[in-house]
Ligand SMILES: Cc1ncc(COP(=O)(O)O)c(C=O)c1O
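Take a look at this single chain, the form predicted on its own, given in C-alpha cells.
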Amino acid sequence: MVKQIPVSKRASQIEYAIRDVVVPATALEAEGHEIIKLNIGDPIAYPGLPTPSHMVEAFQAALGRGENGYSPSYGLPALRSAIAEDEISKGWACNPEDVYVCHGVTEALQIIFAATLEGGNKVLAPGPHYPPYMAYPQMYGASTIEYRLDAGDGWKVDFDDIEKKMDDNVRLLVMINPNNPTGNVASADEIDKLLSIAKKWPNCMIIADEIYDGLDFTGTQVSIASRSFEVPVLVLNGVSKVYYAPGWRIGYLAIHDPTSKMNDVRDGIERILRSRLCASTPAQMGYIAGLEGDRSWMKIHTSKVMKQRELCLQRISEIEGLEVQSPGGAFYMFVRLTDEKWANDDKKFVLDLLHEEHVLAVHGSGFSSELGRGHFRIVYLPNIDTLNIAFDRIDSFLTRHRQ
C-alpha cells in the first residue's frame, strides 16, 4: 500500500449526515435503482416548487448585460439596501451597512466563527442541530456544546439546560428558528428568555439562523433582532429556502449591535469578506428581484408544502413504530422510531431502509449523537403521490422486520 500524505485532523473529523448518506444512495443509483430522496432540503430537487420566474429572468438579464464580474466584497449596494428594508419590516433598525452578502448561510457561519472564536471558546447550539454548527467551530480551536430541545414537548428549548451550560467562554448562543431538523418555532416569549440569559454574559452574541422564517405555519415566528435591545445578534438568512433558489448560493449575515460593542468583530468580519472577494454577482441581481418584486407566489408554494405536511402527519400516525411531533415551520419532520430494534440504531434503520426499499432519509444521530438518537429526518417537499409511495415502503419495511 502506498504511504498516504497525512490529512489534517480538522478535516478528517468532519461529518455531514445529510450528504454522507448520499454516498450509498449514489452507488445504488449506479446499479440502476431509483431512489426516493427524502434527505435533503433542496426545493428544486422536487417538482412543483420552482424558483419564481421573475427572479430567474433577473439573473439571466444580468448575465445578458454582462454583469458577471466581481461585485463589492460586502455585496451589491442595491441588494444590501433591499435586505435591510426586509429586515426593517421584521421589526428592527437594520441599515444597509449592517448587511453582508455571502455564499449562502453556510459561508456566513464560517466567517462568523473565524471572526469570533479562539482556542477554548464555546458555541452553544441546539441539539438536534444543523451539522455545520458542530463541524466548523472545532476548526478554530473552539467546541460546540449542545443545549437540549425537548423531544416530548414539541422540541421546545430547555432554558434550564442553557443556564447550566453558559459560562465566560461561550461566545455564540445559537437559535435556529424555525428549527432544522425538528421544525419547532420559538415564540416571542421564548426568544425573550434566551436574550435574558445571554444578557448576563457580556462576551456572548446570538446567532439568529432565520433561513426558514417565511415557512412558519404557527404565526408566532418573530425576528430575534427585533426583540433585542442589549444583546448583539448576528442574523442569518438568504435565498435558498423561502425563495426556492438554493443553488444560487446567496445568503447574508446582518449585524444588530444595539450597544455598539461589536466594532472589533465587525472589522474582523469585513477583513475576511474582503479576502474571499465576493458572492455571485448575477445571483445577487436575481435576489434583488425576489425582495423587491411581487411575493404573492409564496402563498401558492406554501399551500403546497402545507398539504404535503398534513399528508405526512396523517401517514406517520397510521404506521406502527413511528411517532412525530407536529412541526411548526420549515419543511422537515424529525420522526421518532418507537420499535426498540431501530430506536437503538437509527443509522442502521436509514441504511437498511435505503438498501431494501430505496427510500433515503437521514439518521437522527447525524444531527446529534445523543439528542437525535432514535429518530430520522424526512423532507416533505416531494409531491403527495411520491410521499405516499415512500410511506408505503417504510410501513412495509417496519412490518417485515417486526415479524
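Worth saying up front: this structure is predicted, and the values here are computed from it rather than measured. Start at 1 and count along the sequence shown; that's the residue number.
This protein has a second form, the form predicted together with the ligand, left out of what is shown; the following refers to that one.
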Item to check | Triplet K156, A186 and S326 all within 4.5 Å of the ligand in the model of the complex via a heavy atom | outcome: no
Checklist entry - So which of 198-206, 277-285, 238-246, 120-128 is the stretch with heavy atoms within 4.5 Å of the ligand in the model of the complex? => result 238-246
Checklist entry - Which of I111, V105, V99, L79 has a heavy atom within 4.5 Å of the ligand in the model of the complex? => result V105
Next on the checklist: Only one of I176, M333, V233, L173 gets a heavy atom within 4.5 Å of the ligand in the model of the complex. Which one?
Outcome noted: I176
Next on the checklist: At 4.5 Å between heavy atoms, is I211 in contact with the ligand in the model of the complex?
Outcome noted: yes
Next on the checklist: Please determine whether N180 contacts the ligand in the model of the complex, using a 4.5 Å cut-off between heavy atoms.
Outcome noted: yes
